[in-house]
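You are given structure tokens for the same protein chain in two forms, set apart as structure 1 and structure 2.
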Structure 1
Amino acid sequence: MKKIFAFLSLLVVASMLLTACGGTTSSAFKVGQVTDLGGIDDKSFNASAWLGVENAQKELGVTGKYLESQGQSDYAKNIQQFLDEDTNLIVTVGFLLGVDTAKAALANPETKFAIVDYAYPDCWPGAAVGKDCGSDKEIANVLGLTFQTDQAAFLAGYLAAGMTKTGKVATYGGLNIPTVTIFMKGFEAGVKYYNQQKGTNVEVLGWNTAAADGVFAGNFESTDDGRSLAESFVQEGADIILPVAGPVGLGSAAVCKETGNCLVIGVDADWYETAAEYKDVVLTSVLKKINVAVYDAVKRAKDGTFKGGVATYTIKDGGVDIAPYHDFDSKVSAELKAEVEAAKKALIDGSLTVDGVLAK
């Protein structure tokens, strides 16, 4: 027995020594990404942000790392880990990291931060700074990356309304949280706009802005739920579905591909490319180019052009958009294409607005 303990303590000492002297300090520009609970492979914003970091690694020669958060208390800890490693730019993903990012940024003014789906100031009257909210003014070393996703989803809704044969389109989310529901709101608004323009009565299943509730899978994992949701929507007569639930949506794509009864609209990335196996049923995708935004942030940080504040990505600058029609290019009528383009232009020049803009 003693031998085993002796061996164990030897191992401990050995590895301590090894790592203590083996710490290689490279001078490369370091980028660290802290994910929220979805983890790096959520096929949603964490993954998309990481894609941006990876691109930056390839093209800008920075070194990138990520840390996955498993619980709420990991946020601060993971940020601290990167701070300890003298990371130059820390990218935090998701509004849940809002307060911890602000705290760390204020305490470490030399380090640059970028936060996805959030921005400062984020306080409301009566809120306690550093507790209820991160900061009541802009933080010089934090860049908030926000997205007017509803604008793109609006176009997708308009397109779907124009493409449906059954007169019903559908959407569902993973959980009832703002970054999800903003897609659903925009989608519904687009359909309504179409109805208003055309005097039609295309129905949206799965979301009701008035009730602020709709259909949710309850998770971002169970692709089988995505399958069953799609089946149910099809049974109720919908033929185009916008799933806003990360990989759950791929289950819907699978069932559409299998039955040929429905089409899906991808979210975040262009599913025609990222989920190529389902490209036959991907009508278009609501693009939320987090990767581009993160890449821009890294680039600016490295160039020295980094400035705190908010970078809001809108339809105008292409930070949100709908993807090309790809295989459906021939199936979408020229008229509808033109109308979508017109709506896009109207959104850009501000003559048309979407309700339910991501609140700050």
Structure 2
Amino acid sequence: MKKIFAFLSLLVVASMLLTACGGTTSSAFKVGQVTDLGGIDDKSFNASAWLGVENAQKELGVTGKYLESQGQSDYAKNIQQFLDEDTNLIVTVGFLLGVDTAKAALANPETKFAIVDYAYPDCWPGAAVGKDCGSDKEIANVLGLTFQTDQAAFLAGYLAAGMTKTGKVATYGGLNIPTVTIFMKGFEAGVKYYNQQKGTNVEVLGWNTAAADGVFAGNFESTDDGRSLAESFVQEGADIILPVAGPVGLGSAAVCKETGNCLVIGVDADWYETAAEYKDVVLTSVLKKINVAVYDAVKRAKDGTFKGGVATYTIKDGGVDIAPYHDFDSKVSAELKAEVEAAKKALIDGSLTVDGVLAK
């Protein structure tokens, strides 16, 4: 009888342990990421956002999952899948997810959302809410993660102007949307500032802020488009190219590596590390620390300090910057390095602004 009782006791304890394990799994804080076009391995903003989720998994004990969007029609579907799975925080990546994120957030106020490169309100006079824009007011359960990448791109433009041997540099985007053109605007301003300081006339191909227009691939996926655009710019005389187009830019890097006729400046992440096969032609990268912003959003959501609104990352707080020069460090003169650093300090203290330079 004692043996039977002991056996039954063991069964009860085992059952309790299994229940506890099951409870732990079901109550884990779940984070879901919906990618923009380009995929999770774009070596750019989707990958950087996912790194933030991965770091949160390691350090905060959350569980993470991503769903890739192959087309814009996947945005709402992927968000809904995470809603159906009772995901605690849904991270959507990119300007193009603005409307679908707002719709889902407004319909599900108990679920927290963070969106990279977007913020609410986002409507303009005459815009139809839910169609042209997401919301005409702030959304309490959505945190917009935005970046003043024009500040970092400014430094990249100044550097490019100081390094070009042809007197021409170039930039292009994936699509003509604000989160892309902000890089191009900053790059143009940096080149212009160099010209103002040095009395030079370095030319920027591919973008003109005054006209609010430039060269765009029309997508964020085709490396073939990146190749053809780089070839075209080189034919026009450019020897340094800033592609703001996710994986498209890797096609440009390939052309530079194969021909030796140009250098590239990466975007979002440090391409010397994330696209190491092209490190020989990566002068620097315009860093947008999406991983840090996403990690912060996850931490806030998990510890109860999350609230809707906007978190803006700048050069002052280190949220944007340029990467080290790596293999080109010895080729960038001490004078140019000092000038880039001085420009950075001026951007931080506000004595120098992108708009101020462009207005001159």
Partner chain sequence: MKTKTSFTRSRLIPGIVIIVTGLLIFLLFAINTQPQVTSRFGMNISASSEAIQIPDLVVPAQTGIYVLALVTVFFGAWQMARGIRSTGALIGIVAFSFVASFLIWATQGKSFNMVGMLSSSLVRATPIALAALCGVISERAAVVNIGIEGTMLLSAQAAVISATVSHNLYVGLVVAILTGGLVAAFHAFMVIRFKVNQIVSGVAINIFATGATSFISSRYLEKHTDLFNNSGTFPIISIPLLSKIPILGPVLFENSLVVYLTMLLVVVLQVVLFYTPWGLRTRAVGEHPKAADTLGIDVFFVRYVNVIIGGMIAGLGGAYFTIGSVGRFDEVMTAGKGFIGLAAMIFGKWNPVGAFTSSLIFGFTDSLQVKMQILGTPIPSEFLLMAPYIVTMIVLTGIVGRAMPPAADGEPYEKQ
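Predicted model, so just to flag it, every value in this text is computed and none were measured. The term rigid core refers to the most C-alpha atoms you can superpose between the two forms while keeping them within 1.5 Å. Residue numbering: structure 1 sequence, from 1.
Name the structure that is the form predicted alone; the other one isn't. Structure 2 is the one predicted alone.
With respect to the change between structures 1 and 2, which of 189, 35, 313, 217 is the hinge point between rigid parts? Hinge located at 313.
Calculate, from C-alpha superpositions, the turn of the smaller rigid part against the larger part between structures 1 and 2, rounded to whole degrees. The computed domain rotation is 16 degrees.
Once the two forms are fitted on their core, CA shift of residue 119 between structures 1 and 2 in Å: In the core superposition between structures 1 and 2, the C-alpha of residue 119 moves 3.2 Å.
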